[in-house]
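Only one chain is given next, in structure tokens, and it is the form predicted alone.
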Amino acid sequence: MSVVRATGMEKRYGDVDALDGFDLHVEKGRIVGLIGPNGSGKTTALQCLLGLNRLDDGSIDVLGFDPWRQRAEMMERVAYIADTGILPKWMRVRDLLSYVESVHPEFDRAKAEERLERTEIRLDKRIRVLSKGMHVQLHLALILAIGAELLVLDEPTLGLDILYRQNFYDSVLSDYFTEERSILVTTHEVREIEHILTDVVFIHHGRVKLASSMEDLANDFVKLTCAEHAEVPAGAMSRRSTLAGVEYIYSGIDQAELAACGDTTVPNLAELFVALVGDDHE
């Protein structure tokens, strides 16, 4: 079942094509990583999916809703954590819980308070005095107490130390994600989320550079590491010198042929992204 089905998304700002025929599909029970450099169109795509921006052309269906025309109904079933604090800083924590309880029909206040008891966040504190890590913890407590069908994460751990980042993703996996829910996440810390993804989409200049399941990546791409002057098959997507030797990335090649030249492994997402986007980005 499709949770998000966006096709032919186009959005222009003057003479800049922020989205240029971009497609994005998210199925139920999947964790999709949307990966791209700054200015690639990630934020614009998320804004359009969340009904915060309007497409110039194309179509978007999120849980059966048009985000621009039916945003209020859609957001009862979708949750969002941004890269910057969007919670009202003048409120106290308890007042924020009361507000969400009054406006969201699915909010379970007891569940939110139970989760906050496991943190250092006190109900009488104003949000503006909370650290960045506490701010994210509070936002996550609200999300988990709603149990939305789709969770959209836009650089959610930006600025957090490694312990907070690890704890955040552990909590999302253990306390939120099920086969009935889906997650769409963007981040620059590709290595940090690679192990939790089921699917990945590379975006660059508003267009799809790659859309694949993680399982298919292991079958479609291979990294060869060999000596500097070793003879290797033509057609490598990239070549990079490292301390371990020269690394080549190939697509659609007989891996047995490569194995005769050196060590073969599956490239990680960062390596694959550089191979697909690196020269174009420069």
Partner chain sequence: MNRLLAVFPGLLMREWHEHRGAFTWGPGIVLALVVLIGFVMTAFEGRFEMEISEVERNEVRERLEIRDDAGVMESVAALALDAAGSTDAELTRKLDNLLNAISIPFYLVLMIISIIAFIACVHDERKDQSILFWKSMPVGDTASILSKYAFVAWVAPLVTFVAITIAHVFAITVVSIAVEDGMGGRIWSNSGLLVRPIQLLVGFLLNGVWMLPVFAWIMCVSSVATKVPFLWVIAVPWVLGLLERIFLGTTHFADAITAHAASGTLPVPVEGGIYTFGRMFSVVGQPEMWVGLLIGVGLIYLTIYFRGRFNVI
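Positions refer to the first chain, counted from 1. Keep in mind that what you see is a predicted model, and the values were worked out from it rather than measured.
Just so you know, the form predicted in complex with the partner chain exists too; it's not on screen, but the next bit is about it.
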Inset, instruction - Report the residue, out of I121, L210, L158, V100, that has at least one non-hydrogen atom within 4.5 angstroms of the partner chain in the model of the complex. - result: V100
Inset, instruction - Name the residue from I203, V136, L142, L116 that puts a heavy atom within 4.5 Å of the partner chain in the model of the complex. - result: L142
Inset, instruction - Flag R71 as yes or no: does it have a non-hydrogen atom within 4.5 angstroms of any non-hydrogen atom of the partner chain in the model of the complex? - result: yes
Inset, instruction - Evaluate L197 for contact with the partner chain in the model of the complex, applying a 4.5 angstroms cut-off between non-hydrogen atoms, and reply yes or no. - result: no
Inset, instruction - Spell out, yes or no, whether the shortest heavy atom distance between A112 and the partner chain in the model of the complex is within 4.5 Å. - result: no
Legend entry - Interface membership of R54, the partner chain in the model of the complex, 4.5 Å heavy atom rule: yes
Inset, instruction - Pick the stretch from 184 to 192, 171 to 179, 104 to 112, 158 to 166 whose residues have a heavy atom within 4.5 Å of the partner chain in the model of the complex. - result: 104 to 112
